[in-house]
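Below sits a lone chain in structure tokens, taken as the form predicted alone.
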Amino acid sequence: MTSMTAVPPHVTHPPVSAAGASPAVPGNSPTFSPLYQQIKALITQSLQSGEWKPGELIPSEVELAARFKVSQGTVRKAIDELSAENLVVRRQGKGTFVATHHEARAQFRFLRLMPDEGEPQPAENRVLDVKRLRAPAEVARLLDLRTGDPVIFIKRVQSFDGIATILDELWLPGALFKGLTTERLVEYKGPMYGLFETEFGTSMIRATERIRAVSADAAAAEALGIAAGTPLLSVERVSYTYGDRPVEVRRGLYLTARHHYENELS
């Protein structure tokens, strides 16, 4: 794949201060940030605008250094942080690529339920419901919408080795996910976030989660094929795209008879 080296004629970037100060905003006190952070912000702007698509090779450090008129070391430090945040992926001998949810490694970044034995496997999905609703107050607040704005509601069961393990309920902004139907979800065989990325131009780049222990109510018990009162993990997630824009609210009920929730702290 050919890398992009030149800024399109219609794209302009604010000047980067060699002293490391970002431009002052009129009427506000000037703010200061390290030079590499300014370069990181400019690269992120290009990712957000779609100049480089998910899975594409971005320009080399040398090319980016020339583009932004900074040292290669400054660019490298900016890309180090973008890589640590999973916005880009370095591949030895090939270059740096825009992260995509179609990669196997990305699928388990947002699903932390791991098998007690063996390697994690992709889930088998069974869609129970997809419908367009008016946003309840709490969902609207979390998605930064108005109460009553349109949202897409999805309910599905995820299974591993034929055993129903996760009952998911998702709410998505209706304006952003127009055209998302049961049929489209059923026929799509890849990860759901990959579908959102490819067909709706929305990449999930970070999420916050709240986890608590609950007991399965009658509806959850029926969907998962377990007894009412069975212990479950309730995982409530808000996912964000570029610009810290919330684009998904999700409540997952996890059965942990054969799995555990795993997170890496650093």
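Values in this document were obtained by computation on a predicted structure and should not be read as measured data. Residue numbers run from 1 along the displayed sequence.
Another form, the form predicted in complex with a further copy of the same chain, is not on view; read the next lines as being about it.
Undergrad: With a further copy of the same chain left out of view, which of Arg109, His102, Lys155, Arg134 would have a heavy atom within 4.5 Å of it in the predicted complex?
TA: Result of the distance check: Arg109.
Undergrad: Though a further copy of the same chain is not shown, can you say which of Ala66, Leu57, Ile226, Leu233 has a heavy atom within 4.5 Å of it in the predicted complex?
TA: For this set of options, the contacting one is Leu233.
Undergrad: At 4.5 Å between heavy atoms, only one of the stretches 125-133, 159-167, 184-192, 84-92 reaches a further copy of the same chain in the predicted complex; which one is it?
TA: Among the listed stretches, the partner-contacting one is 84-92.
Undergrad: Whether Ala207 contacts a further copy of the same chain in the predicted complex should be assessed with a 4.5 Å heavy atom distance threshold; does it?
TA: Ala207 belongs to the contact set for a further copy of the same chain.
Undergrad: Given that the partner is absent here, does Asp116 sit within 4.5 Å of a further copy of the same chain in the predicted complex, heavy atoms only?
TA: Yes, Asp116 sits close enough to a further copy of the same chain in the predicted complex that at least one of its heavy atoms falls within 4.5 Å.
Undergrad: Taking heavy atoms and a 4.5 Å cut-off, does Ala219 contact a further copy of the same chain in the predicted complex?
TA: Result no; Ala219 lies far from a further copy of the same chain in the predicted complex.
Undergrad: Decide whether Ser215 counts as a contact residue for a further copy of the same chain in the predicted complex under a heavy atom distance cut-off of 4.5 Å.
TA: It does: once a further copy of the same chain is placed as it appears in the predicted complex, Ser215 has a heavy atom within 4.5 Å of it.
Undergrad: What residues, if any, in 228-262 have a non-hydrogen atom within 4.5 angstroms of a further copy of the same chain in the predicted complex?
TA: The stretch 228-262, when checked against a further copy of the same chain in the predicted complex, contributes Pro231, Leu232, Leu233, Arg237, Thr256, His259, His260, Tyr261, Glu262 at the 4.5 Å heavy-atom cut-off.
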